[in-house]
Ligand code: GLC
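Given next, in structure tokens, is a single chain: the form predicted alone.
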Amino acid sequence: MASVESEAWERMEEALVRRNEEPIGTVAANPPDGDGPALNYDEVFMRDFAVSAVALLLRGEHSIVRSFLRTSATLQSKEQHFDCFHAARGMLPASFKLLEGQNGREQIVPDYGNRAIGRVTPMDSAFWWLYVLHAYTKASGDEHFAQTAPIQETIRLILQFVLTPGHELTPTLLVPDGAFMIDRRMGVYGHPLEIQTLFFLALRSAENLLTPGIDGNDELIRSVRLRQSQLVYHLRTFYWLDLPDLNRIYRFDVEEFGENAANRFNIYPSTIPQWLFEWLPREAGYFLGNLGPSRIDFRVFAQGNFLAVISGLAAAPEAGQITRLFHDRRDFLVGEMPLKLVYPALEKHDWFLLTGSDPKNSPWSYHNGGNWPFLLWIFTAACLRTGQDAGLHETVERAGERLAADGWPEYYDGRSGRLIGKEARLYQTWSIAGYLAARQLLEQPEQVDLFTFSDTVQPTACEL
């Protein structure tokens, strides 16, 4: 196993992007010479580097993470625009690339979605940046960096962007398809769980990072705390599903009107999928994938649920039920290569309509039921957080051996993750980093506190 870990660190080193000899991030994929990455896999992605950052911080490589944070902060959109062709003030790019500019000088070129397939714009980049900054501050003890004026301004602009009231009366964020890790059409438009839990994680990070008493930070801190408590109430009340909740939804009345309506979103019980009735364990539960008018997405989204655990959004009993679900339904959710991003896959008519008949997202492939090794790190963190780590060492070791043998693929296909993804890039950096972070967390489980929060935020009821 030591040889697998050594190879993984060598691959991480080779994936580093250097500006003036200073590492500032890791490319998304770094295949051997002659098999270079297609499309934009040679760029530094914010969400991908978040996994690299966890692995690097656990190893004590603080300076690389600090350089990434400083560099990416300079790419934030600082100007307010009133047209549709510029990134909104406060946004951070999905990725950036280092190019040789005029006179041989290196130039950083950001991508806010203007070059991406489908022209999807990132909602999650700024949230991952805040989380990485918070983890860096705790791991390194370097509080000064976060308190510098440029970093404080970056934090403020992110919060001003996402906390601005919109046309909705819920504390969740309305986002389109493609705005986060699932960057293709997958029927996740609306209020997808991953964005809401990541939003909460970012708010918890920002609360600890803002310096009180300067530049209006006190008012922002109050707003952050209020939104946290509202999110806790909303997501625990309306997104949580266990067997008692399933029974309640099954018996909903519809077309209710007024403040005392029990079925506030007018959910039709006939839309509950048949697979769920016998599949949901009696002693487990999870946060639903999405919620909106007359709509519940009952699919299990792994990253969103694990984010709920590590952020403290899930109270201790619910956090335990989430990890128990992945243990009790291991064949469905973990499989031969951890872990399944979304369960179950969209098939037949649903696949045709909701994915736009996307061949890359065919059933049990890529984002539509594929297995993603990068999730090893957050699965490990969630299991350690809830004390349900039985068999975790074996899971990580077996995954590492297979990943190394297969060339560190981006994702796996099939109902149990037996096949290398049909379009998976090899030597995918966050597959490598996910394994390294998981292995280090198992070796030093006390370090999980660097990347998790307690469940101490008190819910504040908000009227709908």
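Treat the numbers as computed from the prediction; the structure is a model and nothing was measured. The numbering used is simple: start at 1 and walk along the sequence shown.
Quick note: we don't show the form predicted in complex with this ligand, though the next part is all about it.
- Screening 414 to 422, 45 to 53, 392 to 400, 63 to 71 for residues having heavy atoms within 4.5 Å of this ligand in the predicted bound form returns a single hit, 45 to 53.
- Residue contact with this ligand in the predicted bound form: residue 58 places no heavy atom within 4.5 Å of it.
- Contact check for residue 408: no non-hydrogen atom falls within 4.5 Å of this ligand in the predicted bound form.
- Interface residue remark: residue 366 is counted as part of the site for this ligand in the predicted bound form, having a heavy atom within 4.5 Å.
- At the 4.5 Å threshold, heavy atoms of residue 41 reach this ligand in the predicted bound form.
- A heavy atom within 4.5 Å of this ligand in the predicted bound form is found for one listed residue only; from 297, 183, 318, 358, this is 183.
- For the stretch 420 to 449, the set of residues having any non-hydrogen atom within 4.5 angstroms of this ligand in the predicted bound form comprises 428, 430, in sequence order.
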